[in-house]
Each structure stands twice: as structure tokens, then as C-alpha cells.
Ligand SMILES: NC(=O)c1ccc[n+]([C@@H]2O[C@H](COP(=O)([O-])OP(=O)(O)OC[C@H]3O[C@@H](n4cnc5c(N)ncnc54)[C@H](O)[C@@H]3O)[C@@H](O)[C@H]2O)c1
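As C-alpha cells, one chain now follows by itself in the form predicted on its own.
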């Protein structure tokens, strides 16, 4: 089987998860080096993986000089994405980066332009696209099984304190770091782009988060379709699966679905049902995906490199700009007390801004 040779950059908590739980499951990927400036992080990976850890380096530059590689996986905090991605692209290496893509739209646009100029694949690991229920929902909407969508409602509820959330100081922990998944799923499932956003956010009493941990967002998509999103990291109610609870109202009924369970049972939460007026909900069988979650993004990334074109639904950097811009619009709207923000204006301003 053809494989891509990969350098993994970033061996912290999430990078370790990539190294131990995800990358070993994808046969089209051969990890030829791992990089982290922290000696303790490199030692932990060596202890966890033994010989399978491969060559370990303190910098991407060292790794590039020592091994032959095709691509880089940037599995490190968001504020480090841009320099690592830029270095890799300038060296002629394809890149898959964790989400959020970049700290700013202008930086993300700069990376997309660089990848395009060099003829390289730049992907963003929007892993929720690689779940059976999400893909089935997209297919049902695309096929018009219940007619055209009329509205969408999404609810996301988790208790970050009980779950031991590790990053209370990250900027906009709900809208920027979590809602990016739901916004990207909205675009993927509906096949429409958001046009404008109205958002309000707040921080509940006793919140450990520096920035707001609860929000309500109204999104207007192409064709006037309206979607509502409500989310909280500090919900007192029953937790939703990580993709949230979805209701897609259509001309002839509803599609009700969710996906992505907790660690160790990621596929257990996937479910989808059709509800026609006056009838009980009808569960819809779900087809398994060969590589779910992050394994799906890295497998599709390898396919894009080996085949010379991205497979259907693969979240390229260019595609992900719309998800990133929508979240940026929500953050701006919330900061302005619910002012209406047009996404095209953000993208146009970011495209003209020096990077």
C-alpha cells in the first residue's frame, strides 16, 4: 500500500493522543519523525511508544534535515499553527493542522495562498465530518429526502468543570474553540455557506473560564435559511454528545441526529432519525466509515496527496476559511452586544490585511 511519510509536530496532551490513538490506525501514513521542543514531552512519547516512537527532534528544521518526508501534522496549540505550517509549506511539505486553523483570518488566508502557490495540500482536521450520522445527514439533505431544509436548531451542553477541561484561559473557549466544529458541520451537512451572524455570549457565575463560556448564535445561510445554535461549557442540564443535538426542519418532516460520544466510545452516540408529521420518529441505519474521527481526516489527507486531489468532503484550508470566518463573525457580534456581522466583509478585510 502506498503511504505518505509524515512528521508530527506537537507532543503535548492532544499530540500524544494523535501519536498513540490515531496515527497507528491509518495504514496510509508512516510517521518518520516526531517533534517537540520540550524534552519531557519527547521522553513521554518514547516511553509510551518505545521503538514505534521513531526519530525524535526538538524542531521541525532538525527533523527535515534528518529524514525524508512528504507531509507535516501540526498537532500543537493554535498560537503555534501558523509558524509551523508556514515553515512546512515553504519547505515543500503538505500540511494537516488541528483546528482552529489559525488565530486570525488574515493568517489563515496567507497560508492558503502559500499552499496554492506551491501546489501543496493544506488541510484542517475538522474531524466531526468523519462520523456516520454526520455523513448520513449530509446525504439525506443532499438527496432532498424530506424536501428543502427550512430551519436548523443545534444545542450543545457540557459541564467543563466536571469533565476536567484543561484550558480555561484560551481565548473564546466556546465560540472559537468548540463552536468551530458545529459551524463546520453546518456547512458540510447543509451544503450552504453562512452569510451573516448575530450572537450574544456570557460567563455564568462561578465560571473558571477567562472568556465567555455560554452563547446563543443566529446564523443566516445562503438562500435565507436560518440556523440557531445554543451552547454552554457550564450546563446544568444533561450533556449532549460532542457534535450537539441537531434538528433539521424540512418541507416534509425533520431530521434529528447527533454524533461523537465520549473518549473510548466515540461512535456510541451516533444516531439519526426521520420524523414525518403525525408519525413516530423512524431510526435510519447508519453505514460505518472506514476511518472515523481524526483517523478520517488524516486518511483523507493521505489520499489527497497520493491521488493528487482531495476526496469529497475533505476540509481543505481554502474550504475551512468559511468556517473560521463564521466563528470570527460570532465572536465579533458577541463583543458588540449582538450586532449583525456579515461574513463576506470579514473575509474581504482579512484578505487585504498584511500578514
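Numbering follows the first chain given and starts at 1. Small disclaimer: the values here were computed from a predicted structure and weren't measured.
One more form of this protein exists, namely the form predicted together with this ligand; it is left out here, but the text below deals with it.
Picking from 218 to 226, 121 to 129, 139 to 147, 200 to 208 the stretch near this ligand in the predicted bound form, with a 4.5 Å limit on heavy atoms, gives 121 to 129. Using a 4.5 angstroms threshold between heavy atoms, residue 276 stays clear of this ligand in the predicted bound form.
Remark: residue 327 does not count among the residues lining this ligand in the predicted bound form, judged by a heavy atom distance of 4.5 Å or less. Although the partner is absent here, residue 77 lies within 4.5 Å of this ligand in the predicted bound form, judged by heavy atoms. None of the heavy atoms of residue 298 is located within 4.5 Å of this ligand in the predicted bound form.
For the three marked residues, 187, 189 and 313, no heavy atom of any sits within 4.5 Å of this ligand in the predicted bound form.
This chain is displayed alone, yet in the predicted bound form one of 241, 194, 100, 173 has a heavy atom within 4.5 Å of this ligand; that residue is 100. Contacts with this ligand in the predicted bound form, taken as any heavy atom within 4.5 Å, map within 30 to 51 to 35, 36, 37, 38, 41.
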